[in-house]
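Presented as C-alpha cells, the chain that follows is alone, the form predicted alone.
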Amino acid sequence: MRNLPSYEELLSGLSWSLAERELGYQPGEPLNIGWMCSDRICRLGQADKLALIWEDYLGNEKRFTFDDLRVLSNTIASFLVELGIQPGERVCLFLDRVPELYIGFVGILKTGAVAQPLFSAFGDESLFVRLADAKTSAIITQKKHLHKVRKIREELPELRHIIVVDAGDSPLQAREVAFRMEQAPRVENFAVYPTTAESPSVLHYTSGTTGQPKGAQHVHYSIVSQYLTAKIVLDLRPDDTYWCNADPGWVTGTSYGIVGPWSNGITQVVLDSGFNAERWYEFLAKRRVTVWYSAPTAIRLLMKEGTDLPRKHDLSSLRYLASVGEPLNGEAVIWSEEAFGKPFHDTFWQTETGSIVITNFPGMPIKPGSMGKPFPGITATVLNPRTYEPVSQPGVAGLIALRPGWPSQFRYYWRNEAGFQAKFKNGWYLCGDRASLDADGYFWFMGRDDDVINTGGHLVGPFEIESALLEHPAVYESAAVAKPDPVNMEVVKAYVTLKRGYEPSPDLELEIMNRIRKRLSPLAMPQEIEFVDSLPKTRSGKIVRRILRCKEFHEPVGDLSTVMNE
C-alpha cells in the first residue's frame, strides 16, 4: 500500500497550474474537453486501452478503446456539423445510459457546440421547460423517448434536428433523422473546433428544488478542476477500473462519469440498469471495480439489504469508495466499514461548482458525518448570515461560502442574471447550505439554508436530527422539517420510512423518541414523527424537504419537474 500525503502536504503540493501542465495546456492556447478526453489520451500511447465497458440490464456488453472513443466521437461530431450545428448552439442528450450518451457528449464538445444532458426519465413537460429555456438546436434521443419530443416539438421553433440513435426501420417524421453510431462510416480525422478556456461547454440544469430550474453554464476550462480532483480525491490510478453510478443528466455523471476519468485515461464501466442490490454487487465483482463513486441514497438502499449480501460476492478488488449528492450520515460510513472493510469518503460540491470543493481525502482521518476539508486551491469558510463575514468561533453555524475563481466554477445562469448575482455576497460565492467548522478545520453540514428550522429563535439543522434517527435499527430514511407552532414559531417534525420487517405504531414512535432523546438537545427533538412509505427526492437522490415543509405550512410547492415521487 502506497504512502498517501497528509492534508498539509496536499495543500503545499497541489495547484491548478500543476493540472494545466499535466494536461499539456498552456494558457491562451485552444482548449477542448472532447479532444482532451480522447485524442490526447491516444497521443499519450493509450489508444488501445479500454475507455468504456458498457453493460445493459440483460448482461449484454460493449467495449470501446480510447481510439474507438476518438473515432466515434469524431463520427458524431462530423454528423452534427453536416446537419449545420454551429459552435455555441445547444445540443441535448436525452438518452438512457447507452454508449451514445457518453461518446456523444465528447463529440458535441468537439464541434464547439454546448452539451445539454437531461435525464431520460423526464416527462414531456419537464423536457419542454429546459429545451425552451436553452433554445436548444438539436436533441439526440432513442425511439422509446421519441413520443415525448414529438408532443412538444411544434412549440420549439429553435429545435431544428431530432436525432434518433436506434431508429431502425421505424418511420421518421419532420425534423427527425436517423443516426447509428456504430454503423456510420468511421471518421478518422475531424478538425476539432478551437474552443478556448472560456468557451461554453456544458449547460447543466439544476434540480429545481426551489423555483424553476436554472441552467448553470460551464466552460472548457472546467477540465482543469475535474481532472485534478478526480485524480486526487477519487485516487484514480492508471490500472483502475472505475464506476460512477450517476446518470450524466446530473452533473456528477458528466464531471466524474465522463470528464474526470477519461481526462485521466481511466477505464470506466457503466451499468445501464435500475437499482438492484444483488445486481450491483454482481456487477462490482464481475467488472473487478477498484474505485466506486456513489450516492447516499444508493448507499442507504444497500444498507437496507444488510451486510450478508455483499459478503456473498468477491468485492476484494474495491480499493476506494466515495459518495456525493447529499451529506453522508455517519451511520453509512460505519456500515460501509462493516460491509466492505473500508469507508465511503464524503465529497461536497454542486452543479454550480462543477467539481469537488470540500472532501474527505484518501488517507485523511474520517470523522463520520463530517464533510471533510477544502480541496487545495479552494478557499472555503462559513459566513455569518447577517454580515456575510467569516465565523471565527468553532462550532458556530453559518453559510458555506467559497472564494470565486476556481476553474470549474459556473460562469452564469443561462438567461438569468439576477439569479446569478444573488449567489454572491461580500466577495464570496454562497453555496446555499449551512455548516459549522470544528477546531480541526472539518466542515459539519447542517442543511440547506432554506431547510434550517427556527425554533424559539434558535436555528436547528435537519441533518443532525436525521442522522440521530438513522441510528435506530427500524429507520431506513428520514427527513426533518419545520412545522408551525404558536409558541416557538416553528418546531421539528420528522418524516420516517421504515426498514423491512417494521410496522408503524405509537409504541415504535415512542421507542424512537426515547432513543434519540439522548443524542439531541430539547430544541432539536421532533415534536412529532410521521411514518410514510417514501420521501420525495430529485432524480439525483436528494431529499426535497421543501415539499414536506410546504405541506406543513399549506404553501404551494413550486417546480416539481425533477422530483421522482411526491
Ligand code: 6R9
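The numbering used is simple: start at 1 and walk along the sequence shown. What you are looking at is a predicted structure, and each value in this text was computed from that prediction instead of being measured. Here, rigid core means the biggest group of C-alpha atoms that superpose within 1.5 Å across both forms.
Not pictured, yet referred to below: the form predicted together with the ligand.
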- Task: Please check if F445 has a heavy atom lying within 4.5 Å of any heavy atom of the ligand in the predicted bound form.
- Result: yes
- Message: Taking any heavy atom pair closer than or equal to 4.5 Å as contact, tell me whether N454 reaches the ligand in the predicted bound form.
- Response: yes
- Task: Look up in the predicted bound form whether L228 has a non-hydrogen atom within 4.5 angstroms of the ligand, and give yes or no.
- Result: no
- Message: If we define contact as a non-hydrogen atom of the residue within 4.5 angstroms of the partner, is I139 a contact of the ligand in the predicted bound form?
- Response: no
- Query: Picking from 217-225, 127-135, 344-352, 491-499, which part of the chain touches the ligand in the predicted bound form when contact means heavy atoms within 4.5 Å?
  - Reply: 344-352
- Note on the structure: Heavy atom within 4.5 Å of the ligand in the predicted bound form, from candidates V251, L469, L95, V259, belongs to V251
- Of the residues P200, P310, P327, P462, which one places a heavy atom within 4.5 Å of the ligand in the predicted bound form? P327
- Heavy atom contacts to the ligand in the predicted bound form at 4.5 Å, residues of 357-379 in sequence order: M371
- M489 C-alpha moves between this form and the one not shown by 2 Å or more, core aligned: yes
- Core-aligned, does D450 move its Cα 2 Å or more between this form and the one not shown? yes
- Query: Once you compare with this form, do the C-alpha atoms of P385 and E490 lie closer or farther in the predicted bound form, given a change of 3 Å or more?
  - Reply: farther
